[in-house]
Ligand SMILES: NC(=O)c1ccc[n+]([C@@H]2O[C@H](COP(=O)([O-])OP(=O)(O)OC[C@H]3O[C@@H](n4cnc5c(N)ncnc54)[C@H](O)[C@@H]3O)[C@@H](O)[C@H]2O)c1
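What follows is one chain in structure tokens, specifically the form predicted on its own.
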Amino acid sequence: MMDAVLVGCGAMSKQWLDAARQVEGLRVVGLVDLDAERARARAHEYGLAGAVIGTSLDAILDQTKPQAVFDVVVPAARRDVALSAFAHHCHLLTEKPLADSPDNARAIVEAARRAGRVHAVVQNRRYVANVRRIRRFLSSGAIGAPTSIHADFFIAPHFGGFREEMAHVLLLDMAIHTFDAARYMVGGEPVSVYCQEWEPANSWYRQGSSASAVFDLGGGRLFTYAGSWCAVGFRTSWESTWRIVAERGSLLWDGNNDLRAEVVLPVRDGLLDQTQPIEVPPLDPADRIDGHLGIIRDFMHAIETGSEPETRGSDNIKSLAMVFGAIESAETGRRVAIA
């Protein structure tokens, strides 16, 4: 049995608690929020009658002595939560993004290393079935090594609230999902980025609703991202739409269920090489999926076995570095190296 305390009982906590109650051997023993009544209401909603409720994470950790902390707070509070969790010898699973700044991200990852605790991030796009299939297919070499990765994200949600007032809203709030998926699918490591942001006349956001970026992922691989939070009509999937060009063919994914690949043939028709469709194999039984549920299970397995979770903070910080690199590039108008 593993005991966990969840801190941050806003809307996102429902996804965590929906998943947590499906995990055998996991018990949520405490709920923490600046608004105790909100935490109490969430406990009642999920039948957590025995959970301890409070506004102080340190106090609840002292009282319940759990093995893990689930962090669902706003990014600005994430460093304080992490340091408190590690000081109480707890493992930590946190909502994305890992932190609100590069310095805080590095501080959290280093604190986890010093404490010897498992630290992972809910980067749940990796747990989408077709993302798993694409990585496995590309790794097989069926169309050769990837050379160019292109992702488009065009959706126009009216969130209201803080998103419509925040700076760099697309890059900071959403793009990390696409950036991390690109890294994962092709096994890339970010080297540099050039990015431009703009605010179209039709936008209802304050700043940064549209962006275009080019990343060097190393090994001769470039990744282009084009996105908008205010593009009305012909919207893409929330997973973006993808074209991955490789040495001997290409792969297309609409972000939903349409996943296709073609491989080149040793025959030319005039100027153009002929191609033929090639099957992208189905999901492998070893591939972990199911979003928050899959990540929580992966996190618990890492704790129980002493292994590292796939979305460990020490790896996820590279995807976060892509976000902050893109923001720096957009602010300065220059190409930025990603350390």
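Position 1 is the first residue in the sequence shown; the rest follow in order. All figures in this text were calculated on a predicted structure; none of them were measured in a lab.
There is another form of the same protein, the form predicted together with the named molecule; it is not shown, and what comes next is about it.
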For the three residues A77, F162 and D173, which mark the spot I'm curious about, does each lie within 4.5 Å of the named molecule in the model of the complex through at least one heavy atom? yes
Proximity to the named molecule in the model of the complex, single hit among V72, I108, A181, C90 (heavy atom within 4.5 Å): V72
Just one of M322, C9, L17, A330 has a heavy atom within 4.5 Å of the named molecule in the model of the complex. Which one? C9
Heavy atoms within 4.5 Å of the named molecule in the model of the complex: which stretch in 33-41, 279-287, 302-310, 266-274 meets that? 33-41
For R132, is any heavy atom within 4.5 Å of the named molecule in the model of the complex, or not? no
Non-hydrogen atom contact H168 with the named molecule in the model of the complex at 4.5 angstroms: no
In the model of the complex, does H150 come within 4.5 Å of the named molecule, counting heavy atoms only? no
At 4.5 Å between heavy atoms, is S250 in contact with the named molecule in the model of the complex? no
From first to last in sequence, which residues of 119-137 have any non-hydrogen atom within 4.5 angstroms of the named molecule in the model of the complex? V122, N124, R125
